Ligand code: ADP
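Below you'll find only one chain, the form predicted alone, shown as structure tokens.
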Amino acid sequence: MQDLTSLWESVLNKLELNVSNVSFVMWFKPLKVVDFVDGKKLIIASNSTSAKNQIMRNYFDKLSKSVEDVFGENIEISILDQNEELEYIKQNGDKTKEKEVEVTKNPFNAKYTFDNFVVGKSNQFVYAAARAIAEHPGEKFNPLFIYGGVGLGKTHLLHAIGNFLKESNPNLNVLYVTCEQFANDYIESLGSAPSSKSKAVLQFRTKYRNLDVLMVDDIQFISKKTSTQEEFFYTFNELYQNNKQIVITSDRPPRDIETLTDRLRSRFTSGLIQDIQSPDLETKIAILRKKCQIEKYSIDDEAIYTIAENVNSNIRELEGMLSKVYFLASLSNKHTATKEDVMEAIDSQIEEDKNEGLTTDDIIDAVCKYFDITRADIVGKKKSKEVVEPRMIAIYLIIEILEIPLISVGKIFGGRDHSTIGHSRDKIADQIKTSHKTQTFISEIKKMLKGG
């Protein structure tokens, strides 16, 4: 059992590593946890309606991921503004101080099932293979090696296999891990004290070799870990020789995984290798409709078609655009999202994408051009007002746009201490709230960076 406040602190610690310092200080640090209802719903309070909307619009995915890492999967998150918080406490009392929480993480995401996996021309064969091994583990297609780009459904299929086996044969010992987790577990066992090292290694091997089904996600990350490859080879052999099912995913086929040992590549190619491709238009529409059904989104057919036609990357971004469209519609108190909401979301995404590819040099050059100063001045030691303010603005923009750590920014600006960099960032962030002049500076430099 853990105190709810300490668990929330763990969430904030994870968020601090995944958003810019400015964003963390402005939007996340003021958040506080109010309640955790029935182990299913996390109630969070923001300090303003604008903060709530900013998080919902731009950072909800990162917040959800951090909550999932600490509290487990399938946790509903509700963010309250100040008035909503007062009303909630009035009705329910302040639960934060006395509540303790038992966190038990479900290894398989309940949303990822075979029923929720939309089958089309791009994935029908890999779906059939995954379904077959879920129904007859160790008997068909062993190992099953699935490869394809990011966000196309590989992880969904692994969780679907796990959920199916958990329901149909709960006595089976099924383990899903990422390649990184496997490597970390192995390294941790080797790093134990000499007196307990043998025991730690034995525990590691017991965990991974006494399984009925082993599923490893993103195996391509094993390519540069020589000792981990060797350990995985012996784990693979132990399971395979005992007719235990192995499922592996990667972003590329075995032949294209660099520095993979020949004997592991041989093992990976000994079963069924199946790719998963980007969905066609009809499949994308079906995916969006399924998502609307699951999430209870009300979005008209023209809007769904427009999303499917304009998002060509992967399923994850397709579903992300759908959520963004529904959120924008809800901000306008619209019951059903329309094509106009889609176009607004797409325009917003285009603006965000324009920041991609920017470098620190691009930002410094833009600031220098705007204020008519030299690069030597802005990264140097001059302390005149004509240089100090542009320097702080450049520091602020680099941290906000590129989310670069303070220490790294300090090195760019003549080896300045991270606390000095943090002070510059915070000062500009404060001025933006009160100074129209500073707001204009930031706005116009951002337009320059976007080619406007």
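All values reported here derive from a predicted model rather than from experimental measurement. Heads up: residue numbers just count along the shown sequence, starting at 1.
Only in words, not in the display: the form predicted in complex with adenosine-5'-diphosphate (ADP), which the text now covers.
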property	result
Sole residue of Arg131, Arg375, Arg316, Arg252 within 4.5 Å of adenosine-5'-diphosphate (ADP) in the model of the complex, by heavy atom	Arg316
Contact residue in the model of the complex, from Gly138, Gly151, Gly72, Gly380 (heavy atom within 4.5 Å of adenosine-5'-diphosphate (ADP))	Gly151
Interface stretch in the model of the complex with adenosine-5'-diphosphate (ADP) - options 239-247, 118-126, 252-260, 332-340, non-hydrogen atom within 4.5 Å	118-126
Partner contact for Thr155 in the model of the complex: adenosine-5'-diphosphate (ADP), 4.5 angstroms, heavy atom	yes
Exercise: Ile287 in contact with adenosine-5'-diphosphate (ADP) in the model of the complex, heavy atom 4.5 Å	yes
Tyr112, heavy atom within 4.5 angstroms of adenosine-5'-diphosphate (ADP) in the model of the complex	yes
Neighbours of adenosine-5'-diphosphate (ADP) in the model of the complex among 362-398 [non-hydrogen atom within 4.5 angstroms]	none
